[in-house]
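Quick heads-up: it's one chain on its own, the form predicted on its own, in structure tokens.
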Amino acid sequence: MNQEWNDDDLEQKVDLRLWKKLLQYTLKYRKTGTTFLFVAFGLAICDLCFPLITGNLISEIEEKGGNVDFAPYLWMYGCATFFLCIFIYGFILCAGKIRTHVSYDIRKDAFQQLQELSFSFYDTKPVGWLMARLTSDCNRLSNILAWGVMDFIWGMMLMATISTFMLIYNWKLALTILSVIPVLFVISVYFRKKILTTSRLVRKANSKLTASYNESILGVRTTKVFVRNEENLRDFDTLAEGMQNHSVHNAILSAVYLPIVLTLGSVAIAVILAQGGHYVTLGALSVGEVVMFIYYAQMFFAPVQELSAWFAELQMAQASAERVLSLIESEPEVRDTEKVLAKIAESGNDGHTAEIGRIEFEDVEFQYRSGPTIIEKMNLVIEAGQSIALVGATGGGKSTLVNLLCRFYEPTGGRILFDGIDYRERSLTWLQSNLGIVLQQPHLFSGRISDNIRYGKLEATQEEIEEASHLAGAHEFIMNLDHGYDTEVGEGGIQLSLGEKQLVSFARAVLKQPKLMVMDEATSSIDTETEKKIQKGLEKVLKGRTSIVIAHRLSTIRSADRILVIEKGKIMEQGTHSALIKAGGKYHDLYTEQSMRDIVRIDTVMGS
């Protein structure tokens, strides 16, 4: 478990700064908010009317007996009820509208941030962690920032109007009710820390559980092949049991806190009943006035109970708030500098030519965070239009070198120059819009094959898609499918073989017509005959373009302008295929060994 996973739970108190930032999502909708203030005030006034009408009615009955005219009271009750219904409708409408907007805005900002964050962020955050942020955490926050805020405004308005009226009418009875507030505050402070601690444990356990779901679904085939069903279930049970224990503890604390609030309210009402009864015997108050005060006391503690419930929810949502805001406020490690952004704002580009010419690595070094150095003092020059092949043992730094070139990561030492300019002085959009990448494990999105190819150029016509497919060697297999280019590939391209997915990703990269083509083991799952077709197509596509190829199948890179043998982050050998073979070094050994394995494999197949 990495440190960053655990760092999400370091805060030990409600962070008002954090909630102030999140409240901006609610305050964006000022028109709806202003309408709600009017609704909340109207609702408070309507609530205030009922005890007043009831108290006056009881006092009049006490005074006049059966000679009371009930018609005015019926009309007052009817009018108050009518307006109460209207204001409740407005309350629900405003709160529901704000909740929908806030939920949308939080998820949109979080998803947009995920698109912009650097690869290094995803190196330390499991998919389950991210999914929990965008689903359950966002849902909880939107409830707090809409219904919670609305209930708080309504509750404070109602309590303020009731308190004002009671203090004016009889300040002694009013203080009896208000004296409970300090006690309630002390209790709330005590439970705050308890509930907040357990809620963080619940959210943390939920993240682990979601991650387990995700990994189990993605690895279901491996699980079945290795008959790991029972072991996986035991591991899942351990995580689920941990979450259950934390959730039960959290629920118990909330269940204890709310009854205490109710008890305090009941005690205050009992005191009012005794004290008010005493005043009645002294003739200082009428029975109707005492009933009115009891009614007001019940109403006063109704929002207190509601706000107490939201306060408990606020403690539990604190962990969600921390994590969602930490995601939204995460700064990409690789991003445009202020200087570049200023140039883009001024002229629409970074101020340099759009072409990709000479590429230079000057004493480039790289290490992942505090890990070992992967690339060490590398110097390399790639001329425009050259085809460069990278070979070597797994873990030698080939893919890291490509990631640095594509600026998915940036060097921790040295510089990478494009036409003599440090690429950190160029915009990310410029570089990555000129990139075409085909990976060993290509990713396809749910949808049709044509949609996946068009991903490289959204405005492409069907003719352009088919032309790119021809060049990439994908057209033939696509047309053999039942629905051709309209064939659904399924989630992650599950309906296609790995080789077919690679061909589609080739077509996608070719359609983009990039100035810099990168292929990382791109033909590893493609048969030799198809690979020859792709090579012929790529000769046309890559003409005049710079290309970087990582290959284990050395027969595919014989025509490269230069082959680099990479080991332990250093260039051990470089040159053309023929020159390296003549040199008799590492490349010669690798090529000879692989050729012998191919001969043995062919003989084995022929013999069988």
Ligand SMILES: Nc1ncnc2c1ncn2[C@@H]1O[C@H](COP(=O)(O)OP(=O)(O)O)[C@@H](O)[C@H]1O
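All values derive from a computational prediction rather than experimental measurement. Position 1 is the first residue in the sequence shown; the rest follow in order.
The same protein also has a form predicted together with the ligand, omitted here; what follows describes it.
Proximity of Phe111 to the ligand in the predicted complex falls outside the 4.5 Å heavy atom cutoff.
At the 4.5 Å threshold, heavy atoms of Tyr409 reach the ligand in the predicted complex. Contact annotation for Gly397: at least one heavy atom lies within 4.5 Å of the ligand in the predicted complex. By the criterion of a heavy atom within 4.5 Å, Ala393 is counted among the residues contacting the ligand in the predicted complex. The stretch from 473 to 481, 353 to 361, 159 to 167, 367 to 375 that comes within 4.5 Å of the ligand in the predicted complex, counting heavy atoms only, is 367 to 375.
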